[in-house]
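Next up: a single chain in structure tokens, the form predicted on its own.
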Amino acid sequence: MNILWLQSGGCSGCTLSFMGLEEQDLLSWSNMLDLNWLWHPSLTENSAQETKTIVQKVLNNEISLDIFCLEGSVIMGPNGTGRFHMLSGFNMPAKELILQLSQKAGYVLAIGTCAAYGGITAAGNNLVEATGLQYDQNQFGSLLPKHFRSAMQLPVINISGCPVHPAWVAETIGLIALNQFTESSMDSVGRPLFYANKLVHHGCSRNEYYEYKASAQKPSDLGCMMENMGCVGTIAHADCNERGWHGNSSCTKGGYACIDCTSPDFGRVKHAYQSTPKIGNIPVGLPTDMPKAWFIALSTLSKSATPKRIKENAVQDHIVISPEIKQTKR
């Protein structure tokens, strides 16, 4: 399969993450799937002129493009012209080439939240008019319209994350290579279901503290970070704590709250990520399928039943009370 990876408005963090693929090293994985990298900023050695020739052959239908990957947001400014991001050697805005390559590709992959929904690049006043490839935040229709379909009749596959998990990219491309990826493989905002049908909360090492509502009060505390520290792992769609990152770590394992970086709204929330917005002392990041009344009742009951060990460990940066060893009667 011929694959071309283009970078637009972003920080290259998704490429850096992808280079750390662990299940199999990146080159061996590429050889196993018989991937032919037409262009990638870190994997190919083509000169600028050679790359331009390859791209031109793709546009002229002399080379088939099976997979087109876009990393980073599409820069639409100023005033929709795209001239804030001109491509050296092509004498055109990057958005024009992105559009043309998308129309040639069998599959179109948005790599990371910036490419999928706008992400951090589109945060704040967004003076450069950054947007996702087919979504602008959670609204369908951007550079590519709502009805866009690739040559294989699929919308853009949004492998969101900031940065994207390397295995999410590898697994998506692997499923494509095996003809196992269809429109039913994606959720309602285009994310692959194999990771988007999970929650970051699943497998979190702090779940015992969550169950008893034993909350962290400050950075480095061991307790649950949902109530005070801004964690929204209970509503964030990703398998970070089941799949693990680079040596089986994750944000919550590292002591940092989940900030839902796979969400279409990432980068554009109206509160500090390190604090938990509350309405009537109730965190807004409740599980979406839990009524608020249930949470109040459960929280009150849980806190009243919290063992001393959990209550004290929750506000420490290390375990101060170990679980008791149960003595079995003989």
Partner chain sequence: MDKQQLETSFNDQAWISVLQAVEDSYVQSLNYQAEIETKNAALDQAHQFISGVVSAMSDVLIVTDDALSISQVNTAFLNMTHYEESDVIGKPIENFVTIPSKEFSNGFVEQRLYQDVLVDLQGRYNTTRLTMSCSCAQVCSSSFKGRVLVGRPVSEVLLAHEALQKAYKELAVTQEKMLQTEKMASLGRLVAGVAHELNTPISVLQGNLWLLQNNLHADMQSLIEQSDNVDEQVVEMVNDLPSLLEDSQEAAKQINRIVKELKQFSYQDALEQQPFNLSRLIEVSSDWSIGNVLNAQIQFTLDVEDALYVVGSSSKFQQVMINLIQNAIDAVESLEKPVITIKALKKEQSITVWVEDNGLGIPIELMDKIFDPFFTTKEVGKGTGLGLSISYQLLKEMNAELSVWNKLEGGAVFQIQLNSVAQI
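Every value quoted in this text rests on a predicted model; they were computed, and no experiment measured them. Residue numbers count along the first chain shown, from 1.
A second form of this protein, the form predicted in complex with the partner chain, is not displayed here; the remarks below concern that form.
Proximity to the partner chain in the predicted complex, defined as a heavy atom within 4.5 Å, holds among Val284, Met290, Leu301, Leu33 only for Leu301. Only one of the listed residues (Thr234, Asn126, Ser185, Asn228) places a non-hydrogen atom within 4.5 angstroms of the partner chain in the predicted complex, and that residue is Asn126. With a 4.5 Å cutoff on heavy atoms, Asn79 counts as touching the partner chain in the predicted complex. Although the partner is absent here, Lys329 is a contact residue: one of its heavy atoms lies within 4.5 angstroms of the partner chain in the predicted complex.
The partner chain is not drawn, but in the predicted complex it has a heavy atom within 4.5 Å of Asp136. Using a 4.5 angstroms limit between non-hydrogen atoms, Ala297 touches the partner chain in the predicted complex. Contact with the partner chain, judged by heavy atoms within 4.5 Å in the predicted complex, is confined among 194-202, 118-126, 145-153, 208-216 to 118-126.
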